[in-house]
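Take a look at this single chain in structure tokens; it is the form predicted on its own.
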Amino acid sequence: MEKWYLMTAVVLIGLTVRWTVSLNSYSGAGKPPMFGDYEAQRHWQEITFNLPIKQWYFNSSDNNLQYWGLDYPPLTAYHSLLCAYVAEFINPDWIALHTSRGYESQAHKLFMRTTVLIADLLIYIPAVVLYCCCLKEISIKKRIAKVLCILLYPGLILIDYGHFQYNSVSLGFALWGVLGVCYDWDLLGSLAFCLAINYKQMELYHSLPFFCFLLGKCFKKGLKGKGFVLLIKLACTVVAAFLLCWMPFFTEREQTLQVLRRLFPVDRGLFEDKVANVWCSFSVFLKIKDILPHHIQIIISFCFTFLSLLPACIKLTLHPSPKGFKFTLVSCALSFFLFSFQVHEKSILLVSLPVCLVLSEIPFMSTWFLLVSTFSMLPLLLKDELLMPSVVTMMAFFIACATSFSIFEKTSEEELQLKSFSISVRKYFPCFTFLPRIILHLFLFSVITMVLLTLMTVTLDPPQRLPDLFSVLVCFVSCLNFLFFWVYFNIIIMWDSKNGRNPKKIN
């Protein structure tokens, strides 16, 4: 009984932090004519409520796609419509066609913030609690501590409750999907993940690990018997889920094509704004967007992304296990973030979710990554006037992880899950015993760099010739960190001989 009291207290702490952050500014507050993501979400409610469904994704006099046109899958549109019905009941002016553009008031802000909180309470938070409660290999106190740390992850809180988005919906569905396939509820897991993709197309970052894990299960059961039956059931589940979500847009071929064009706007370019991936960082030295033709950029990014995630996916298909699945989710999402086409800075949240799931397995490295992921969005957070919430939530998260998991005591080769790799290297270099010390020094250097860059960005004015200097430095430093983590997680995956034979199952 005490466990549930503690769990309730932890959830209430998470909700309190969320609501406190929501009292701050949001994206584009008081900044016409485009405002920001807050206005985008409000505008989608206006469009879905006032226009027929066939006009949602098309440019018209009532739906100017240049002004925050709908560019997410149908499930996001349905969610906007649901919120719009509630908004219309409270105050029709909030979603009045044309006249509500740029609407801002304290009452409307309260309504919008509440919709995020309700979505969190219904989808994301229950998935986090259930996932942690099912981890039988750690103690009850550690499970409760893990819930606290995941709910205090600053990146998601700052973007959803500060900047303003509904990332907890797609991430929550994805987490329900992880629970399903790890529990051997494969059809329910597949359904949940299909809902995640149909809410935000960026969930494709997680699609290959789901596909490879389930395909590996089918191979393991035998494709001439139970495995083939499972494969057919999974295919039917996926097709049925997509048909239900997309049915209104399958009536005409042009409808379907227009939605796809809006979901995958390849004309926008290789990357958006200042993002901590390889292409944005490399453009400091070589302006790829100006030198290479558009189609060559697409081909190069596809090749790099595919090749970078291929080894982990092959390993997962051949040796499917819950542990391997979670680590492959991290590796593949990070490959997409670093190398794929048209990446946003907020897409790092798709990597952060699976890193949160392995927080108890590798607490030191997970905490470090989650801090860097939040820091990588610093230019966006400063633009939204969220410096103080960012500093406070990052410190709270770090203290929670450090005290709950004693992260500085978990830096041995075994705790970092690098023992197999180190043994392999020592066959050729017997003196290779200093890896944990190197990682600890890299962590200290990384934290000091993040603190110094934050102070410089806040207190100093950049040179007139280089107005984006500090933003570029934040992205470049974060990208170097992410490349290091990409190597690290792939080493764990490729050198983990237990993946296929002795998995730590979720019970």
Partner chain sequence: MAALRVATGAGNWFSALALGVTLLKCLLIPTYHSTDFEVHRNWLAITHSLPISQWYYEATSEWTLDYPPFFAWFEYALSHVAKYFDQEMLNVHNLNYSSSRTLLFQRFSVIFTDALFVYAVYECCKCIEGKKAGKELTEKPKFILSVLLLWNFGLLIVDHIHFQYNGFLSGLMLLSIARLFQKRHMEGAFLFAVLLHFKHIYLYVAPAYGIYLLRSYCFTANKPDGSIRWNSFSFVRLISLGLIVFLVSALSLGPFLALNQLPQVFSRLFPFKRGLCHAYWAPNFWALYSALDKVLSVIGLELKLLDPNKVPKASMTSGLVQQFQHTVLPSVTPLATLICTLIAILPSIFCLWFKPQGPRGFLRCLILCALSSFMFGWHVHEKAILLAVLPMSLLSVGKAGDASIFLILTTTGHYSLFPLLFTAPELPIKILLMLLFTIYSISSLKTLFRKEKPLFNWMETFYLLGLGPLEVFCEFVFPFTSWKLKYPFIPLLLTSVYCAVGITYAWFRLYVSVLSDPPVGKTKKQ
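Residue numbers count along the first chain shown, from 1. Note that the structure is a prediction, hence the values are computed from the model and not measured.
Below, we turn to the form predicted in complex with its partner chain, even though it does not appear here.
Heavy atoms within 4.5 Å of its partner chain in the predicted bound form are found in exactly one of 286-294, 212-220, 176-184, 383-391, that being 383-391.
Checked against its partner chain in the predicted bound form, the candidates Leu460, Leu440, Ile448, Leu469 yield a single residue with a heavy atom inside 4.5 Å, and that residue is Leu440. For the residues Lys141, Lys233, Arg268, His98, the 4.5 Å heavy atom test against its partner chain in the predicted bound form is passed only by Lys141. Within this chain, Ala402 lines the site of its partner chain in the predicted bound form, having a heavy atom no more than 4.5 Å away. Although the partner is absent here, Val21 lies within 4.5 Å of its partner chain in the predicted bound form, judged by heavy atoms.
Although the partner is absent here, Ile314 is not a contact residue: none of its heavy atoms lies within 4.5 angstroms of its partner chain in the predicted bound form.
Taking non-hydrogen atoms only, Ser406 approaches its partner chain to within 4.5 angstroms in the predicted bound form. Relative to its partner chain in the predicted bound form, residues Ser308, Leu310 and His319 are all farther than 4.5 Å at every heavy atom.
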